[in-house]
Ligand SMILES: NC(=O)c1ccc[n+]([C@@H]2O[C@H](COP(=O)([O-])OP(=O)(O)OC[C@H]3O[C@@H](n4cnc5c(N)ncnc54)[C@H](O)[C@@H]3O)[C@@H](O)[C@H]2O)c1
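One chain follows as structure tokens, the form predicted alone.
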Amino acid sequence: MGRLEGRVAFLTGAGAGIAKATAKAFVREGAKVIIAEISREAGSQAEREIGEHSLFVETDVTSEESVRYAISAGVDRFGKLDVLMNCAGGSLQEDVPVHEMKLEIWHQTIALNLLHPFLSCRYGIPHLIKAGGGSIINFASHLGMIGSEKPAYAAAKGGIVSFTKTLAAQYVDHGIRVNAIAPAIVRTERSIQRWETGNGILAKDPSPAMRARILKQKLYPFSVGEPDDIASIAVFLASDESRMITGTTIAADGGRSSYLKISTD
């Protein structure tokens, strides 16, 4: 029997990256998954790859009606909801110092990274209560822990840390645990395009030896992860193995928010 046998999970952004890897891991552990994804092509492909234990619902996570519908459709299909994983998000290159930032960049970043988890919880929590409890997994970032750049993104992800603690306190009597994961660099499709192609620091020499040297000198040995690394943490948080953990943000960043100073020269 899998660690998530019989459970139903709603995952945002699950057409790619961390959430897609997690959806696959959840199904391997016995769960059924609702793939909330804005890209019809990516969501449909993920559903085909994962198979009959998945349902893709085209979803704009910044739209209240879209999120409400996606959760309702998933519950209609699978009968209940046990896990919410709010993973969709991201930063923009235009997220520059505040006095130079366009207001629409602030609003767009906050909507995607902070409003979206609120909407997911607003419509998902009643189903978790009905199921007798469950697990909510939010996504922060190492920048939400330390700041230092991208003020809109850092503010949104810092808000996730506080939002997570508040949810944990408010819903503990309903048997709902709420935690967050705060990754740094993870080799998602988007990250690979940014760091390993064009002028990215890992694109200059494809040799394994040079790649290893750059990672050690510039990013340090634990600072770059794969989607499956984060999926493993999410499986743990969704399962009963983490039954004593709530209100916590796990910094899955190779120490960047704790003790490392990263060089980007």
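Treat the numbers as computed from the prediction; the structure is a model and nothing was measured. When you see a residue number, it is the position in the sequence shown, counting from 1.
Separately, the form predicted together with the ligand exists; it is not shown, and the next lines address it.
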For the three residues 153, 157 and 186, verify that every one has a non-hydrogen atom within 4.5 Å of the ligand in the model of the complex; reply yes or no. yes
Partner-free chain; cross-checking the ligand in the model of the complex, the single residue of 120, 164, 113, 135 with a heavy atom within 4.5 Å is 113
If we test each of 71, 178, 140, 84 for a heavy atom within 4.5 Å of the ligand in the model of the complex, the one that passes is 140
Residue 16: touches the ligand in the model of the complex, heavy atom cutoff 4.5 angstroms: yes
Would you check, heavy atoms only and a 4.5 Å threshold, whether residue 147 touches the ligand in the model of the complex? no
4.5 angstroms heavy atom contact with the ligand in the model of the complex for residue 229: no
Just checking whether residue 128 would be counted as a contact of the ligand in the model of the complex - the rule being heavy atoms within 4.5 angstroms. no
Quick one: find which of 26-34, 235-243, 60-68, 45-53 has residues within 4.5 Å of the ligand in the model of the complex by heavy atom distance. 60-68
Within 4.5 Å of the ligand in the model of the complex, counting any non-hydrogen atom, which residues from 66-102 show up? 87, 88, 89, 90
